[in-house]
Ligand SMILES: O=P(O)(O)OC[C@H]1O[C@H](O)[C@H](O)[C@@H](O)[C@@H]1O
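Presented as structure tokens, the chain that follows is alone, the form predicted on its own.
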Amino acid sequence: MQDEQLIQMQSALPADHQKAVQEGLNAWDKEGKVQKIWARDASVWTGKDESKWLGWLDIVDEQLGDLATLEAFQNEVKARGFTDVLLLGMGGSSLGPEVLGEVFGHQTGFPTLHVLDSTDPQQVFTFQQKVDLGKTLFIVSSKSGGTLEPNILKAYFYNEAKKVVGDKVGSHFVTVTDPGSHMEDVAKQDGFWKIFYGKKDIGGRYSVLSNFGIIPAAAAGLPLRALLQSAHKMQKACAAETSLTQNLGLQLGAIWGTAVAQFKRDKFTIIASPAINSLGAWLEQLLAESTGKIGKGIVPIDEETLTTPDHYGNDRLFVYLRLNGNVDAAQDKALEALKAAGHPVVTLNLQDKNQIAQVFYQTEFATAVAGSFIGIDPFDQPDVEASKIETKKITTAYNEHGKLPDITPVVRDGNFEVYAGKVEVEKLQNASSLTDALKTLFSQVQTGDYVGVLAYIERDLATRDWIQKIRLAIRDKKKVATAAEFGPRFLHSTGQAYKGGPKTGVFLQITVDDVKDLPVPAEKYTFGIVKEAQARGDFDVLSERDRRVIRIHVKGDMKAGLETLSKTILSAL
């Protein structure tokens, strides 16, 4: 009997998938692979350096042991009367705190948590306007301390806050970073209030239950003890001594791994109850960055509004994060129809919000297990690094020459410029309009493909609505999975799978003229230049990897341009 204080998991799988899962579990049992994971044995995966990245296995024990320190920090934040906490980070360092902030909301007596994970100058400015700089605690979150985005965000907000609070500015800053990092040096030099350390044996996307997630949660007044105790129950459920039938991480990982390795169901569609909807973005980065490499892996699909089963191919698996007391009846009904049509659906039933800490742990364990089934190292992210290298080349060129390298569009149409990846150049040589270019791209979409809409624009309610309409129109017309992503945020998340995972992606990158730009202190380049460099670096790597990709740049008024673009996309379909 499963512990009632644990997430309740149900799976509805086709008979052949269920049989394959059982065979996989039996093999794991026979080979003692769960015990090997806990013994830090890299042979579970590729036998390389995986053993160096397993600190997340027992991080909950460490955090519970350090609870007094964490709660003391929480009380100090409250006593200092901050109104806002602004976290500056990317990927795993930002998406976990974002979930916690959105799920739990504002806590009485504590500051409101905001998470900024963009170099879009308009978005940076929007967040600056949201907070009271004189009463804000800034958390600079960077594992390596060398990641471009947190470094320039820190430089900007340190500069802006100094204008308001003067020489006391350092006392408004804390950092979460690995020992010995560049950010640790910066924090000491600039007189940060506190330095909290990450662990070198925990990668960014596995770091939510470490200080990268827990320090922002503490600052925002979240119930640390309840969250960590809930996570600890799941840690025990995934332990080496837990039986095969009770190990929820292993069970889920076996379902995921066999779906990809044996049935090519690699488009994992994440559906979440409204109050925990943001969990999808965190799970998306965990799955994509961990598994999408060497031409294999999971392509997660988040925030898709479900429709009838005939719109979905046999490349889908549905993950339903269902919160009791916050159930969306339309989601329930749609998923029942998908089950009846023979699609695999795995449901994680949460009894309360504290159990999101269990989701974190269970899915981390499951992703590690799935990585073994798929035959990859779930702890590296080679293609994220490739994109960073290209971005660095472009920003360096700007610093040296005062301008970005010239690039030539293949189509100019009014306020639109179209650029082609190397796979598309020849196909677009006869295109003379934006419609031609879009029709050519969409004509290549086949069964089993997915379409990624990658928009380097401010992520707000209006643009999220805009991108959803486009992605659902593409899905309904082409009957394929669609991903709706905002850059540069996704570069530290799904970008790994798009470049390194299955070669089934068709990509539409969208860039715009910035409404306003912001300086980066002590640099020649601006936030707008950085965002442009990131978009170009992303595009270049997709092109080098022979992905089907075009870039559409919208000149002039963004709102009008995006409206025209969406109409053109709909007509091109």
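Just so we're clear, the structure is a prediction, and the values are computed from it rather than from any experiment. The first residue of the shown sequence is 1; numbering continues from there.
Absent from the display: the form predicted together with the named molecule. The rest refers to it.
Shown here without its partner, the chain carries Ser93, Gly145 and Gly204, all of which come within 4.5 Å of the named molecule in the predicted bound form through at least one heavy atom. Not displayed here, the named molecule is kept clear of Thr175 by more than 4.5 Å at the level of heavy atoms in the predicted bound form. Although the partner is absent here, Pro150 lies within 4.5 Å of the named molecule in the predicted bound form, judged by heavy atoms. The closest heavy atom approach of Ala237 to the named molecule in the predicted bound form falls outside 4.5 Å. In the predicted bound form, Lys388 approaches the named molecule with a heavy atom inside 4.5 Å. Picking from 357-365, 469-477, 137-145, 161-169 the stretch near the named molecule in the predicted bound form, with a 4.5 Å limit on heavy atoms, gives 137-145. Between the named molecule and the residues Val384, Leu317, Ile394, Val451, the one pair within 4.5 Å by heavy atoms in the predicted bound form involves Val384. This chain lacks the partner; the member of Ser230, Thr291, Ser118, Gln285 within 4.5 angstroms of the named molecule in the predicted bound form by a non-hydrogen atom is Gln285.
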